[in-house]
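There is one chain below, alone, in structure tokens, taken in the form predicted alone.
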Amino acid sequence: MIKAQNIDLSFNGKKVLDNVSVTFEPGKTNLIIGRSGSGKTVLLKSIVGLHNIESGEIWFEDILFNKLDFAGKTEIRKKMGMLFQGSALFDSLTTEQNVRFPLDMFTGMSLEEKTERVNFCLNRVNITNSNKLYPAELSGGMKKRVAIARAIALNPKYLFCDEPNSGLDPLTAILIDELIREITEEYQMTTVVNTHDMNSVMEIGEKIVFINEGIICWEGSKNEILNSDCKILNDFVFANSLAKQLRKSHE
């Protein structure tokens, strides 16, 4: 479980997180949704410690993360997996080397043990016979799968995904969503996903947090979101649906 309590953060005098409190539950896909600039990525980066919050508390289970020193935060980060918006694979490393990277950084495993773990993770995300390929030789969907394999290499308790479907076609996006949901349930991770994709919301949104101008305006499930009486949320949902219809009409 991850809990943020009364989080405040400002940039250049502008408040980007305003008294944010939210709990993310293990074994569930927890989604943060909102418009561009709403604060969802800032919230995610604050939770993992990439931004130093001005006030409030961030808890990982019973550990107050934001009060830990560098060494203490490093121990918690070893339990985190990160899936970045652009996959963030190292262009000069092969698929195998990319997935092995966190094992090289944080474990004392032998090369044989690392290779076994790499192959397990690649098989889990349905990537085969690609160990020696470089990112430039992979499709967008394959890059995302390799990035997920790298994210789970250390068998994390917490998985953070920033716009995992960015740049993907609709069918591939659905497959990536389903993969994230499957591994979350399988490994009982606390998964936090930033997205503005309503398809993702309706497919995997077990807990959904809507943030607007740094304030959490609504929380609920995918079964509750369409019946919300929150006008700002309804405008967001409608705008997403309308945009999808317009894109389809021009295809």
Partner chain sequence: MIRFLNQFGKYFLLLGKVFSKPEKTIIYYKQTMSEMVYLGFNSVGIITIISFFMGAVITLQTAYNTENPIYPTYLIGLGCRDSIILEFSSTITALILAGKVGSNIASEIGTMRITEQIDALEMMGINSATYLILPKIIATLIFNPLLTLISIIVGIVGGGIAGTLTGVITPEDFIYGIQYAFIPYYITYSMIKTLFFAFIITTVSSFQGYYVNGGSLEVGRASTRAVVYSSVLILLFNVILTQLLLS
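What you are looking at is a predicted structure, and each value in this text was computed from that prediction instead of being measured. Positions refer to the first chain, counted from 1.
A second form of this protein, the form predicted in complex with the partner chain, is not displayed here; the remarks below concern that form.
Looking at the partner chain in the predicted complex, residues V16, S36 and S55 place no heavy atom within 4.5 Å of it. This chain lacks the partner; the member of N155, T115, N126, T74 within 4.5 angstroms of the partner chain in the predicted complex by a non-hydrogen atom is T74. The contact with the partner chain in the predicted complex, taken as any heavy atom within 4.5 Å, belongs to T107 out of S139, N119, T107, S130. For the chain shown alone, L89 is a contact residue for the partner chain in the predicted complex, at least one non-hydrogen atom being within 4.5 angstroms. The partner chain is not shown here, and in the predicted complex it never comes within 4.5 Å of any heavy atom of V209.
Contact check for L50: a non-hydrogen atom falls within 4.5 Å of the partner chain in the predicted complex.
Among residues of the shown chain, L179 is not one whose heavy atoms approach the partner chain to within 4.5 Å in the predicted complex. Taking the partner chain as it sits in the predicted complex, the stretch 110-148 never comes within 4.5 angstroms of it through any non-hydrogen atom.
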